[in-house]
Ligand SMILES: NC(=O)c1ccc[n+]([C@@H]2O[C@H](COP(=O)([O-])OP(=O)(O)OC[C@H]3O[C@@H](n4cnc5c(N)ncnc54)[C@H](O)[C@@H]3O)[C@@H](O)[C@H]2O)c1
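Next up is one chain by itself, shown in structure tokens, the form predicted on its own.
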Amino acid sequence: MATHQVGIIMNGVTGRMGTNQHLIRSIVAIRKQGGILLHNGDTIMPDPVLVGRQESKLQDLAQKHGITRVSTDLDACLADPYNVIYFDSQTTVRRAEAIKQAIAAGKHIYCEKPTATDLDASMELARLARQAGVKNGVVQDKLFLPGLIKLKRLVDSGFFGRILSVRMEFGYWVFEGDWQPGQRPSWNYRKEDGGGIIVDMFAHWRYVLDNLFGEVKSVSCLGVTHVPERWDEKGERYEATADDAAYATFELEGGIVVQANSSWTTRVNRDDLLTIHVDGTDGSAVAGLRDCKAQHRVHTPKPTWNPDIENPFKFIEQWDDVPGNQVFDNGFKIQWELFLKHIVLDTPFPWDLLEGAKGTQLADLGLQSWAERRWVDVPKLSL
């Protein structure tokens, strides 16, 4: 029984997402559980080196979580043959160049999305990785949420019959930063720094829609900057140059219509920060991050529009919970384990840089639709 040590360069893990989801809840959690146990009794053990620009910050993070390796020298880490994976969760504008360096150094690539700030750059990364023969993957975490796993189970079972439409509501109120600190970094609201909710969220919506319901064929999108000024982490006022809300309609293969609202300027009055409502000929369902409720055709009430009487139906109570029937682990951790198995065992991993480029493509086309105020078709991508 052998232990496969896998050296991982983790660049950008001092940020919120990198620290919480990728380091603490994924890599550190895998190490604490004793690695990834394989069927033959072997174990995969990730061995990260934390890379960034502030050594003191890296050292503090490493000491808290039992990590022994830190570095401010990315080139040296890439030159070390012990490190076989390069992971990137930096801000979007820094990601592509660092990934190109890592590909040139022969490292396997795993990274956050968007993979780059535009489609051409995202496709370049996918082509370079293919030419170099390095394995590659992109974080597509929402596929591993309990609510979406339950929803996918309904889709695969044929529960919906013919799926007609999908309505997605995502978002919450992000404070402006003057009287309460904002919950998101200020660069999210500066277009010049790679910010904007279309760039951020359409990369998610592409893989969610493609994997659950069908390929996205066309998009109509309106972006808005509802809050024109905000205050940054130092308390200094700045102009918000990026969109903080997007109102989109997607057409999928098979004629499925998707309405998707994404907003950092809405106050939540629904079950979760993300809800996905699916209507089909045989049934409907509403999924959040963890829960999913369904209503079959035989349980569908027969309301009649009559505003002159009190509503006799308690609609919310007429839905059934979809059971979990399994233990749900952290979605980021699940995908990390799958990618590490892909590296060591060569097991399939479909969520590669080309899939990541599809997300960038949809964001680009959403921005184009907004600028030109029209529907835009989504061409197929291939290397």
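The first residue of the sequence shown is number 1, and the count goes up from there. Computed from a prediction, not measured in an experiment: that's the story for all the values here.
One more form of this protein exists, namely the form predicted in complex with the ligand; it is left out here, but the text below deals with it.
Participant: Within 4.5 Å of the ligand in the predicted bound form: all of Glu169, Thr249 and Ser369, by heavy atom?
Facilitator: No, none of Glu169, Thr249 and Ser369 comes within 4.5 Å of the ligand in the predicted bound form.
Participant: Just give me the single entry in Lys107, Lys113, Lys150, Arg206 that has a non-hydrogen atom within 4.5 angstroms of the ligand in the predicted bound form.
Facilitator: Contact check passes for Lys113.
Participant: Heavy atom within 4.5 Å of the ligand in the predicted bound form: which of Arg230, Arg190, Lys142, Lys293 fits that? Just give me the one.
Facilitator: In short, Lys142.
Participant: Is Gly255 close enough to touch the ligand in the predicted bound form, meaning at least one heavy atom pair within 4.5 Å?
Facilitator: Gly255 lies outside the contact set for the ligand.
Participant: I'd like to know whether Arg94 contacts the ligand in the predicted bound form, with contact meaning heavy atoms within 4.5 angstroms.
Facilitator: The answer is yes: Arg94 has a heavy atom within 4.5 Å of the ligand.
Participant: Is Thr14 close enough to touch the ligand in the predicted bound form, meaning at least one heavy atom pair within 4.5 Å?
Facilitator: Judged by the heavy-atom cut-off of 4.5 Å, Thr14 is in contact with the ligand in the predicted bound form.
Participant: Report whether the minimum heavy atom distance between Phe332 and the ligand in the predicted bound form is within 4.5 Å.
Facilitator: Although the ligand is absent here, Phe332 would touch it in the predicted bound form, with heavy atoms inside 4.5 Å.
Participant: Name the stretch: of 303-311, 94-102, 72-80, 220-228, exactly one has residues whose heavy atoms fall within 4.5 Å of the ligand in the predicted bound form.
Facilitator: One stretch meets the cut-off, namely 94-102.
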